[in-house]
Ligand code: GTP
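Below you'll find only one chain, the form predicted on its own, shown as structure tokens.
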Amino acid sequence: MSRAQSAILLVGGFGTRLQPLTLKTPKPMLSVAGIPFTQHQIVKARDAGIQEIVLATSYLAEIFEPYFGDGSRFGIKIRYAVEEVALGTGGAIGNAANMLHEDGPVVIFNGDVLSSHDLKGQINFHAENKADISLYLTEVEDARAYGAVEMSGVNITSFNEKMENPPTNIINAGCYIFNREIISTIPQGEVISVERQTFPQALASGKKLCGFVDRSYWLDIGTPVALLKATSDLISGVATSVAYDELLASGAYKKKGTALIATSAKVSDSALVGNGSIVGEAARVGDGAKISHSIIGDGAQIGDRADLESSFIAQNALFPAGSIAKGQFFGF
């Protein structure tokens, strides 16, 4: 079996749980450790040998292409499939697949999962097991909020989507590989869920579904708390990302203690910035300011003696001197 060279990235979601951050910015374009989250996934795909990727967009679709272009500066071909009406995970895959040029299996990423899993290993696993579909699976303490999977060896025997008493703690971790034959069975232009329809139907029809279990770092970035954690974990090295490594190598940002600070930012020597915080490009942090576990947007100005904890400051916002914020959103 040939190995996957094509990918689809599902980036059409509304990001309701992340409001107000997502009122003007789609969830996959929110900054995680200094770059849009989608960039982490695109570079991960490229590093695993993917040649082309289609972004399946819907909400605020016009935000993506001006940033990523044709993909040449990332070393991968990028195209865009826009859904006028949200089609669900399966419908989005069917729609985006029409824009792929390469043959062979297709890697599909959920647009809201940061993982350090071995994508190249999953691609090889799919080919070696002659799977029709292979799923990246991971283990969590509480599987109730996710799709729990039952297995026999490497073969998946059942799916249990978001239930009160899941039979296992092994969950669908949001990266799949589909053979083209599977994609061709997805109805065009219809709202389809891969979790509730495509996977169970494929299993019922005798298709071979295999589970690639990888227990390395995994995080759903669907909430503000998780978004802060993702940035903090990349800065501390708990999580890994080639795109983050490339950002540091570019010199655009530098680690200072437990913080990530843009080289174009100006931070007072008397300010304390740490605990997984990031200070964006051309931002300014005043005398005596304290910033912990927070994200400071590009061009934002933090006044003298300001005290920020677990908060988001919007791009170009002015946070007043002496003000205090904990778990807040300012300027959105």
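One-based numbering along the sequence shown. It should be emphasised that the depicted structure is a prediction, and the values quoted were computed from it without experimental measurement.
There is another form of this protein, the form predicted in complex with the named molecule, and it is not shown here; the text below is about that form.
Novice: Just one of 134, 198, 172, 89 has a heavy atom within 4.5 Å of the named molecule in the predicted bound form. Which one?
Specialist: Answer to the contact question: 89.
Novice: Counting non-hydrogen atoms within 4.5 angstroms of the named molecule in the predicted bound form, say which of 138, 110, 179, 116 makes the cut.
Specialist: Filtering the options by heavy-atom distance leaves 110.
Novice: Is there any non-hydrogen atom of residue 17 lying within 4.5 Å of the named molecule in the predicted bound form?
Specialist: Contact check for residue 17: yes, within 4.5 Å of the named molecule in the predicted bound form.
Novice: Do residue 40 and the named molecule come within 4.5 Å of each other in the predicted bound form, heavy atoms counted?
Specialist: It does not: once the named molecule is placed as it appears in the predicted bound form, residue 40 has no heavy atom within 4.5 Å of it.
Novice: Are any of the heavy atoms in residue 83 no more than 4.5 Å from a heavy atom of the named molecule in the predicted bound form?
Specialist: Yes.
Novice: Is residue 291 near the named molecule? Define near as a heavy atom within 4.5 Å, in the predicted bound form.
Specialist: Outside the cut-off, so no.
Novice: Select, from the options 55-63, 261-269, 275-283, 303-311, the stretch whose residues sit within 4.5 angstroms of the named molecule in the predicted bound form by heavy atom distance.
Specialist: Heavy atoms within 4.5 Å of the named molecule in the predicted bound form occur in 55-63.
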